[in-house]
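As structure tokens, one chain now follows by itself in the form predicted alone.
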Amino acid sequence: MKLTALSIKKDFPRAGRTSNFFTAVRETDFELCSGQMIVITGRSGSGKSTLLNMLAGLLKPSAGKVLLDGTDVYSLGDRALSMLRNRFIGLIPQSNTALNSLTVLENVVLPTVLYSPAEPPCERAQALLAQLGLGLMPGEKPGALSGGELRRLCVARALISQPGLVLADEPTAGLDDENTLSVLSLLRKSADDGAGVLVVTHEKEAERFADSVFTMNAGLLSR
């Protein structure tokens, strides 16, 4: 599987300034392939999350294209794009997106039941939760979890379907050293098992798990 960005950029409007827009991501080419783990570092506000959201099919570029195995993702309708993300992309967002009405286990298996009548892979979910130190919490509701536990829940949910691509936005934010290592090791294993993994992070430790490291500065991506 290959995710390719061709000359993508993102401008946002702003009012009351000399210029009526600002460029969050300058014109960028990027490629993520199966079996590869790429880490992008950079300061807050440098454009890292904006780039990841464009690659994930969540934020349409102002210019350029995002291709998944040759398919222009932003040429698809909303439902087709949602199904494509569900089938091929495991997303770890920066914010907590757990559903409070579901248990931890139900949150983890949710992506597997959205478009499929098959039985949810509860055994795999339990194994992921155990690897992430949440093995005793499958029946808890998200409101009972700490911020770090919610981050790890999101990691398990992103990996549950063994997606071809994993896009992770600050996946170790708020985690201690032990849990940071657990998360990064799981992401590295996903790449070794054939997924293309992109990690946007401030965590220097992530670099030693990566095949390639890029830096984002003022919207410009560079090695």
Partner chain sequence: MLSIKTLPLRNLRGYAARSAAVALFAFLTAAVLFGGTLLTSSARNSLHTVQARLGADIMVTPESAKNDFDAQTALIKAEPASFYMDAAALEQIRAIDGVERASPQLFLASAKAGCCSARLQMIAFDPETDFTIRPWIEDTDTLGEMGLMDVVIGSNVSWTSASQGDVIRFYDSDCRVIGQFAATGSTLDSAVYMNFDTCKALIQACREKGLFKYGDFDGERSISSVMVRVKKGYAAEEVAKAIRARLDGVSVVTASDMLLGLSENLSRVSGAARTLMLVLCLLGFFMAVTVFALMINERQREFATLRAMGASKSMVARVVLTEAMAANLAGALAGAVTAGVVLYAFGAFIGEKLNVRFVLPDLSQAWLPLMLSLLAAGLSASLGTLIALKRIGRTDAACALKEGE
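Residue numbers count along the first chain shown, from 1. If you're wondering where the values come from, they're calculated on a predicted model, not measured in any experiment.
Keep in mind that the form predicted in complex with the partner chain is missing from the display, and what follows is about it.
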Next on the checklist: T50 versus the partner chain, in the predicted bound form: is there a non-hydrogen atom within 4.5 Å?
Outcome noted: yes
Looking at the partner-bound form in the predicted bound form, is N100 within 4.5 Å of the partner chain by any heavy atom? yes
Mark M83 yes when one of its heavy atoms lies within 4.5 Å of a heavy atom of the partner chain in the predicted bound form, and no otherwise. yes
message = Would you classify S75 as touching the partner chain in the predicted bound form, given a 4.5 Å non-hydrogen atom cut-off?
response = no
| field | Within 4.5 Å of the partner chain in the predicted bound form, all of P93, L114 and R157 (non-hydrogen atom) | value | yes
The partner chain in the predicted bound form has a heavy atom of only one listed residue within 4.5 Å, and of V109, L128, L150, M137 that residue is V109
With the partner omitted here, the residue among L181, L67, L59, C33 that in the predicted bound form has a heavy atom within 4.5 Å of the partner chain is L59
